[in-house]
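Only one chain is shown below, in structure tokens, and it's the form predicted on its own.
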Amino acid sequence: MDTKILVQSVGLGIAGFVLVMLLMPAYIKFAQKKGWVGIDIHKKEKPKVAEMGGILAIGVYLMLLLVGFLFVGNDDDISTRLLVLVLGVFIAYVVGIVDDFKSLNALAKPGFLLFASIPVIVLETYTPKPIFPFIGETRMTIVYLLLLPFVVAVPGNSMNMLDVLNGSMVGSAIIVVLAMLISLFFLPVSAIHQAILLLGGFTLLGILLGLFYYNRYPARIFNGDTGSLSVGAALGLLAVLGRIEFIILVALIPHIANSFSILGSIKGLRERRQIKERPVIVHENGLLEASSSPKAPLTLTRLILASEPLHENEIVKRIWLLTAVSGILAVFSAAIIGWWTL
């Protein structure tokens, strides 16, 4: 592992954390003044919370990734991958902003998110040879290219679908990024792939830690689709650019399972206003209970509540625990891959 790149990556992560921590209070006041607020529906008081914190957080992320170009110098391989990461996240960022302000329909949002993979394809920064435990490197030239847009879009939409409780998306994303970074110590990826994962990963970690401080229970800022779509797209892009597709897939098991469970229960893509029954009932004492209606979406939150009613922060901790388990499995998978390819 390149020590210089590691130190620079940690520096970008620290800068991201500090900038989000310092700038978010001003953004919250600005959002409230502009009327960018949403109702926190999982609390009995139904407080109004500033919306679209992802506009600031992901804006800082993109800015710091551009600063990263100063660190990689004349290394064209790393700088090209860094450019692809910036362009791909920016596309998801724009889709999120449009959706936050205009509410894209159920097909348009995931459809437009597929375009976030275009920079990867055009600049040919993918390797159609994903690595699996007990198998090693495989060759999937045509199939890989067909699946590549979904490797970016699925994490984006999955993060978006789990961003329903205070801190649920951001906290779980932090765990996924940590699993990814720890996996680097075991994976047999090249120095180029390590560099983009370190630069993109540590910077994202810093941003998320800063955002978490304001989005945790009780939230002072909502991420908006701008935040959740961009974070998920960033993870998908890093998976492709760093050749860790399987590792990210395993780390995101709760997110992906949640999204496919929802889609299966409502029989396809639906706009929120088309879903008449909510999966969770909020009681006067602040407890959340799973809906008994067969028409309500089958979400991860509803499954967690199936045994007993819980407070919002208790549900979120269980989501984090599930993500931690999948993150540990991802690290073990990386260790197996490293051992198998020795």
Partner chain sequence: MKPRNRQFLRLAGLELFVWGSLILLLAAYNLILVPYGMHLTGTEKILADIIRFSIAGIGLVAWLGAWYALTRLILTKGLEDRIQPMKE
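Owing to the predicted nature of the structure, the values given are computational and were not obtained by experimental measurement. Numbering follows the first chain given and starts at 1.
The same protein also has a form predicted in complex with its partner chain, omitted here; what follows describes it.
- Of the candidate stretches 23 to 31, 48 to 56, 298 to 306, 63 to 71, only 298 to 306 has residues with heavy atoms within 4.5 Å of its partner chain in the predicted complex.
- Contact check for L107: no non-hydrogen atom falls within 4.5 Å of its partner chain in the predicted complex.
- For L322, a non-hydrogen atom is located within 4.5 Å of its partner chain in the predicted complex, even though that partner is not displayed.
- Interface membership of G167, defined by any non-hydrogen atom within 4.5 Å of its partner chain in the predicted complex, is ruled out.
- Proximity of I336 to its partner chain in the predicted complex falls within the 4.5 Å heavy atom cutoff.
- Proximity of D76, S79 and L181 to its partner chain in the predicted complex is absent: no residue of the three has a non-hydrogen atom within 4.5 angstroms.
- The contact with its partner chain in the predicted complex, taken as any heavy atom within 4.5 Å, belongs to T138 out of S103, T138, S190, T141.
- Among the residues L209, V98, L145, A257, the one placing a heavy atom within 4.5 Å of its partner chain in the predicted complex is A257.
- Along 229 to 255, residues F246, L249, V250, I253, P254 each place a heavy atom within 4.5 Å of its partner chain in the predicted complex.
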